[in-house]
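Take a look at this single chain, the form predicted alone, given in structure tokens.
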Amino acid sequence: MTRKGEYTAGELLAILSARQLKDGQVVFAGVGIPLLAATLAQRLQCPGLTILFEGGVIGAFIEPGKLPPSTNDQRCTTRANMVLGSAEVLLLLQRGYVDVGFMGGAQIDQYGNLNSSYIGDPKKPKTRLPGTGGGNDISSLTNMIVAMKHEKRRFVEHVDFITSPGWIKGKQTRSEAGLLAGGMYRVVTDLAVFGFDETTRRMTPLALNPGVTREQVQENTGFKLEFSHDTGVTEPPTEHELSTLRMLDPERLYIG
């Protein structure tokens, strides 16, 4: 249990992720930290945020202490505008009605490609992961935010499989592959917040979290990072942010 003024890595990740969202946006949120962060943003700076779930829910407003374990759970439907089939919700992506996709990932590379399929040799993988679900659709058609724990085994030079495309091989390769909309926008971790260079499309540190050094971030990343002279420091969570987050997740299902 944390004391006043202290916070866990999960709480920091959720709060920094929530700060990336803007009022009036439509966000397609995955389960876990993305769902919690979107719900937190609704309570703080984004009362007009519309949350979509892959299970078909549009305009959810999750009740405190009732975070759903999946996006198909009926708790997702509280105060929702409507509930559609999964195909109809994914069609909203194709029609350009969704601003932001918000997911986690098992593995990410320097160009923001996500792997949630398998780790290792495809013929005999070390680990089988859940797969795409709607992840490929979301990353192909929206501006993406990814929230994940920062570990060297997760941040790799090249993912073992591109489940959800980011900037593919950098530069213009995303548009050359036929993906004309969206792209990877932000990666939020327990160590830092990252963007992507406008020209090369490589992952670039924007701000380090309080107490984190450049060396620590590089040691936990499997590819070379280019730090600029103006790489900043994220603002620590406020008491209001922390109290609101803990009200939403009193059993600490997502925040640890």
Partner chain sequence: MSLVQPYLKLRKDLAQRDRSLREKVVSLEEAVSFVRDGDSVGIGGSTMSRTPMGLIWALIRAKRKELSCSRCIISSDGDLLYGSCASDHIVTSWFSQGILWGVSKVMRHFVETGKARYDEWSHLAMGMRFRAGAMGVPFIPIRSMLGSGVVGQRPEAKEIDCPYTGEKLLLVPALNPDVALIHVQRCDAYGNAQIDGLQFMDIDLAMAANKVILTTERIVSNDQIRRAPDQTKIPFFAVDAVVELPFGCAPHECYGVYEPMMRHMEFYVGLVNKDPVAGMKEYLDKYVYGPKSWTGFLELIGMEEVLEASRAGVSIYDA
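The shown structure was predicted, so the numbers you read here are calculated from the model rather than taken from an experiment. Positions refer to the first chain, counted from 1.
Omitted here: the form predicted in complex with its partner chain. The next part is about that form.
_Within 4.5 Å, heavy atoms only: does G48 come near its partner chain in the predicted complex?_
Yes.
*With the cut-off set at 4.5 Å between non-hydrogen atoms, does E157 touch its partner chain in the predicted complex?*
E157: no, not in contact with its partner chain in the predicted complex.
*Interface membership of Q218, its partner chain in the predicted complex, 4.5 Å heavy atom rule*: No, Q218 is distant from the partner.
*So in the predicted complex, does L191 come within 4.5 Å of its partner chain, heavy atom to heavy atom?*
The answer is no: L191 has no heavy atom within 4.5 Å of its partner chain.
*Contact residue in the predicted complex, chosen from L225, V26, L208, L44 - any heavy atom within 4.5 Å of its partner chain*: Contact check passes for V26.
*Partner-proximal stretch of 196 to 204, 209 to 217, 52 to 60, 227 to 235 relative to its partner chain in the predicted complex, 4.5 angstroms, heavy atom*: Single hit among the candidates: 52 to 60.
_Suppose contact means any heavy atom within 4.5 Å; which members of 86 to 104 contact its partner chain in the predicted complex?_
Sequence-ordered list: S86, A87, E88, L90, L91, L92, L93, Q94, R95, G96, Y97, V98, D99.
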